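This document starts with one chain, in the form predicted alone, laid out as structure tokens.
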Amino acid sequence: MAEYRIGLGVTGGIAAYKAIEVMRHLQKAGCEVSVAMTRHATEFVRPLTFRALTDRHVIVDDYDPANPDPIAHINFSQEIDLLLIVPATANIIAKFANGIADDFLSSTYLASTAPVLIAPAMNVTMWEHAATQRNLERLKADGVRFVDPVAGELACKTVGTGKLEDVENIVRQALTVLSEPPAVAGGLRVSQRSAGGTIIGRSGNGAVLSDGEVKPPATAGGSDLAGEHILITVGGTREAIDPVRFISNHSSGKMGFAVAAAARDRGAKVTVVAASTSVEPPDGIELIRAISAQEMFDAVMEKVADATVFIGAAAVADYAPANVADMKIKKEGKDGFLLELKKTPDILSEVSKRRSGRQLVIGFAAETNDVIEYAKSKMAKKNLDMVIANDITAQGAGFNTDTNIATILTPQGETALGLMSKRALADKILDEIINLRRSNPANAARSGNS
């Protein structure tokens, strides 16, 4: 029996045909998909298409005599683990935000307790309109997730944000939501069955069955990073003052481990050099522990020659005590204490200097002000292929959160991203790595590098 049940809602936009691709990817990932369509959606794609591919009745109107279930909006909504809307028009977003239930899909939204993930697609002016943005914020406050549209040429021939996100990324984000614990994903009914027993909840590793078995989460099963060896630094380094005390920072390792897990799921070989972290590392990776900046530098230099991509996600201390005391420093008789610091090795710069061939070097810029300007400066000074910049003071971003808000900078430009899970951001970063490969497959030598 399918591990996950997904209710796929299709609304009346030109991108409706892409819902077919989304459905097929979900089916390949082991999901059971039930489809509901608005009346206008049927003008773009016939329900027969979805019925043929799912072997299930496609609901447009629950009062239709052909509908086998007279209260379908209740039963449909209670049998799913995720309500996924692809594409979502401005109209359906407005209905959801304001509690309007005048068709099957909007009634299902109100009747469902499952997590909701929405992939909007519309004209750029409609997307940027104050009313649409107000509705988006209201839904986000209600716990609804979004796969934000991307910039590009739209069906109306204008250029701007409003284009449906890539199918593969929509599917990845849907599966990510499904694999999250109930407190994050929004709850889970106990009615879903699996061969091993009734699903009673979810752990970070998948569905927890009533017999104690942990079933791994479905993944997109992709291999678009096959052949890549990604070396990632994670966590916050600790610089000893004496055997008891140290200098460190608030890094938890969540973002770096999210990138590692996403890269693993997409077929890459992954090596992680981790300093101090507050979360467990993902399975299926090579893990090397290195607590101080010097230890991390040494571990990275030992491994980097074998990597095709280096991602510096760790919060490495810029300075360390110049002299580490052999014994605990006592405070008796001292009103103050002067600590002399010395610079630590710049891992990112050194990796960039040493690289050759197709190796990509990527950094993070966690800032509190002038975020983009500092990120641009970092990319230029250290000759990086990409920088992920974020304002750690922004609500929902920064250390020890499950979400992030970032801007991805590459030589081709900037991509500002809204609030999303760190796993979703990880996939965005990996998508950009693939884009860098496509834009310059040979990854020609850069100035100063061979």
Ligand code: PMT
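The shown structure was predicted, so the numbers you read here are calculated from the model rather than taken from an experiment. Quick note: we count residues from 1 along the sequence shown, nothing fancier.
We do not show the form predicted in complex with the ligand, though everything after this point is about it.
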If you check P321, P345, P282, G160 against the ligand in the predicted bound form, which one has a heavy atom within 4.5 Å?
P345
Tell me, which of M255, A174, A262, V86 has a heavy atom within 4.5 angstroms of the ligand in the predicted bound form?
M255
With a 4.5 Å heavy atom cut-off to the ligand in the predicted bound form, the contacting stretch among 24-32, 39-47, 391-399, 52-60 is 391-399
Residues S251, A317 and E367 all lining the ligand in the predicted bound form, heavy atom within 4.5 Å:
yes
Do P120 and the ligand share at least one heavy atom pair within 4.5 Å in the predicted bound form?
no
Non-hydrogen atom contact A313 with the ligand in the predicted bound form at 4.5 angstroms
yes
Just to confirm, K378 within 4.5 Å of the ligand in the predicted bound form by heavy atoms?
yes
Residue contact check: R423 to the ligand in the predicted bound form, 4.5 Å heavy atom:
no
Taking heavy atoms and a 4.5 Å limit, what residues of 106-130 are near the ligand in the predicted bound form?
none
